[in-house]
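Only one chain is shown below, in structure tokens, and it's the form predicted alone.
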Amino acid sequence: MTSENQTALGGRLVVVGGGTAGAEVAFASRSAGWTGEIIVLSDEAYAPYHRPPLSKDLLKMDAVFADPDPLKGAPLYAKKNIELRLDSRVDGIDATARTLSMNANHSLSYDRLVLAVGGRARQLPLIAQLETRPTNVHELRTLDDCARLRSCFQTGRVLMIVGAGYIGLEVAAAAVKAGQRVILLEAAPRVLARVTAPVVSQFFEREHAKRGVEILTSTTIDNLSFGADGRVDRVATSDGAEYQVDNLVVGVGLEPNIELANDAGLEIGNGIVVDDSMRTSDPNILALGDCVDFHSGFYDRRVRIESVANAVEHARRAAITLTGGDPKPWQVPWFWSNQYEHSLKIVGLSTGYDETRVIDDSAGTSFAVEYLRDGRLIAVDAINHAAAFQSGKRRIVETIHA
């Protein structure tokens, strides 16, 4: 450990962000030997909580909508001497003075700073240009988003969802089960086109269609009409159709929150650029999670990954950096999605594949797709097939590092 690190260990570590990455890096740093203050700043009113259940569980009307499931209980913050400040919005970073400006009129100094600021839902241009956002246009990033959207679910209402990625499909599954007419718009020729092979897209299109979800691929919104109350009431689509809607959900991806880092002069790429130690271009500032552009030692290229597993790995790697340890090898990334009774588990990144293999397709509802590049396994999609997921995880590591 360098003398610089020994000095910093007793200083003030400030973490900006109350998601998985923010909570994990605080606790991991304490466990790894950070002895000074640790302060976590979150702009939400809730302690860091598990977010995957928002679309996979809490949106379902037969689920009990309760307080958020915290990542760490309040007694653990006290036991580990980690200060959690809620409703704390950071407005700017003075990297030279090592201070943050907060809630418009407060400042906070730091010795080391971690940006775990995540991202926000990408907006449709037709919505972004409006002076006032219609109250029936929704996104799903936070517990409050989930509560607002769920309160709109009533039998017979019409919900249009823009974007057939994981969030859009999970919302569709919950909404159609709640008795709504669900119209799903996707600009690409198939659902999940950006992340899966056609056979996986076809499976989920069939499953949603069986439940009554109307899927319109290669279709976008041409125009919106508004009622006297400012709410969207009609949607004209690129295929020439027009739909009366009660609510609109936008699920077209995530924009990394780079503004604080950019204003502070940090290097920006497809997110906040960090090195293998999660350090930004300012060695006193680290960044991690959904918001960072990093070099994956596993795939030997720069990536930005939005997943809980990635956030946890980044947090533990950053904690090691902060306390002077040696980083562990990169792990293969993995993700999951639940729709109806089906479980989709994905391991690896399939980008750039040149061959697929479908395995164990005898029943049609339990199968896996292997993605290969130059004959080497790089990713696996496992639908209701836990064994293929586990096997794929092991074999990807073996083949890529062979």
Partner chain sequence: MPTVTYICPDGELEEVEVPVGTSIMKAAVSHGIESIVGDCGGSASCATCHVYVESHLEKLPPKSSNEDEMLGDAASEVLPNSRLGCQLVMRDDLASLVVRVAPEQW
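Being a predicted model, the structure only gives us computed values, none of them experimental. Positions refer to the first chain, counted from 1.
We do not show the form predicted in complex with the partner chain, though everything after this point is about it.
This chain is drawn without the partner chain; in the model of the complex, the residue among Leu76, Val199, Ala193, Ala241 with a heavy atom within 4.5 Å of it is Leu76. Screening Trp334, Tyr340, Phe367, Trp34 for any heavy atom within 4.5 Å of the partner chain in the model of the complex leaves a single hit, Trp334. Not one of Leu140, Arg206 and Ala379 places a heavy atom within 4.5 Å of the partner chain in the model of the complex. Mapping the unseen interface onto this chain, Asp69 counts among the residues with a heavy atom inside 4.5 Å of the partner chain in the model of the complex. The partner chain is not shown here, and in the model of the complex it never comes within 4.5 Å of any heavy atom of Lys210. Looking at Arg394, you'd find a heavy atom of it within 4.5 angstroms of the partner chain in the model of the complex. The shortest heavy atom separation between Arg373 and the partner chain in the model of the complex exceeds 4.5 Å. The stretch that touches the partner chain in the model of the complex, counting heavy atoms within 4.5 Å, is 309-317, out of 309-317, 212-220, 167-175, 96-104.
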